[in-house]
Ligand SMILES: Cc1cc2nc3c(=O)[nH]c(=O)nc-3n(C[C@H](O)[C@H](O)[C@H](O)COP(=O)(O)OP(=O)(O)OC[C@H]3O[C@@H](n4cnc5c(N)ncnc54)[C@H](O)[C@@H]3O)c2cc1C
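One chain is shown next in C-alpha cells, namely the form predicted on its own.
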C-alpha cells in the first residue's frame, strides 16, 4: 500500500470515528431526558420534535368548509320515486371522512337489495366516492353525477383527523339506537382505513398528537347555551391507545402540562387522488351535472341511486334538518420534518403532506354552528397562527 493511500485511509478512518461519535452524541438525550429521569419507559420517550414555523407571512391559503350537521345523525334510508330507488347517505356533521366507509357499507347494503347491475351516485365528496367504490366492490357498474370531483368539493377542505363523533348528532335527539349504528359505522370505517396505511404518499397514517395546557387538564366546559352533542368515543375505546400524560421535561414545549395521544389522520390531497384513481381503475364513470330538483333523479338511466349531496341536501333536496357548521383552515407552508399534531389555547394543528392545517376551535362544538358564511376570515387565521407563533417563540433553541 502506498503512503498516499495509507494517509487517505487514515483520514477516512479518523473522519468516520469522529462522525460516529458526533452522531452518537447528537442522538443521545441529555441526562434530564433519559427514560428513568423522566419517569417513562424507554419506548415512551417522545422523539425529537421540530418547531412549526408559524408566521402570518407563511400563510398560503385560507379555506372554509360547511359541515352538514343533522340532529338525528346521518340520513341513511331508502325512498321510492316512481320506479327509482333512492338511498340517502348524508348529514355526517364533522365526521364525514371518519365514518365514510361504514356509512357507505350501510347505504350500499340498501341499494343492492335487488342486485342492480348499475348504480348512480350523486355527489363526489368523501361520502359519495366511498359509496361508489363500495358499490363497485359489490359488483355494480357505477356512474357518479356531480358538479365537482373530490378535490373541488367541500370534503377536500376538511382538517383530516380521525374524529368519528365530531358533531354527529344531538344526544337527546339521536337516541340509543343510533349509538349502535354509529359504532358499526366507526368500526367498519376503521377496519377499511387499515388498507390505506403505508401506501405511497401516506394517504392514511398514524400521528402523535400533543395536547398542551398552562393549567391542569380538566373536563372542557362548553359555553352557556351549548347544545348537548352526542359523544360515543367510549364505545370504540379499544381501537386506539389511551392518552398519556407525560412530564413536560420530556418535550421542548414550554408548558406545564402535556398529554400525548396516537390518532389516525388523512392526508386528504393524496387520499383523494388514491380514491379517484381506485374508482376509475374499477371502470367508474364521472358525469359533470348539477341537480336542482329531486325529480331529476327519475330521468337517469340508472334506477338505483345513492344520494350523497352533503351540505347541498339542504338546498336541492329541501332538507331543513341540515344545519351548517362553519369550519375554517389556515394553511401554512408544509414542513415534512414536523410529524405531529398539536392543540393549544383553542388552536388545533395537523401536519399534512400538503400543508400545516391551523384551525381555531374556541367555542368547542358550538364553533361555527348554524353559520353558513362560506367566506374566509383573515383576522381569524392571523389570530390562530399568532397563538402558535407565541408558543414556538418560547421553544428552546437547538
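Positions refer to the first chain, counted from 1. These numbers were taken from a predicted model, which means no experiment stands behind them.
Missing here is the form predicted in complex with this ligand; even so, the following discussion is about that form.
Peer 1: Taking 4.5 Å between heavy atoms as the contact cutoff, choose which of 97, 182, 279, 271 touches this ligand in the predicted bound form.
Peer 2: That would be 97.
Peer 1: Quick one: from 88, 209, 157, 85, grab the residue that has a heavy atom within 4.5 Å of this ligand in the predicted bound form.
Peer 2: That would be 157.
Peer 1: Counting only non-hydrogen atoms, which stretch in 126-134, 209-217, 251-259, 172-180 is within 4.5 Å of this ligand in the predicted bound form?
Peer 2: Result for this chain: 126-134.
Peer 1: Indicate whether this ligand has at least one heavy atom within 4.5 Å of a heavy atom of residue 290 in the predicted bound form.
Peer 2: Output for residue 290 is yes: heavy atoms within 4.5 Å of this ligand.
Peer 1: Quick one: is residue 153 in contact with this ligand in the predicted bound form, heavy atoms, 4.5 Å cut-off?
Peer 2: It does: once this ligand is placed as it appears in the predicted bound form, residue 153 has a heavy atom within 4.5 Å of it.
Peer 1: Report yes if any heavy atom of residue 161 sits within 4.5 Å of a heavy atom of this ligand in the predicted bound form; otherwise report no.
Peer 2: Yes.
Peer 1: So in the predicted bound form, does any heavy atom of residue 70 sit within 4.5 Å of this ligand?
Peer 2: Result no; residue 70 lies far from this ligand in the predicted bound form.
Peer 1: Non-hydrogen atoms within 4.5 angstroms of this ligand in the predicted bound form: do 147, 308 and 327 all have one?
Peer 2: Checked in the predicted bound form: all three residues contact this ligand.
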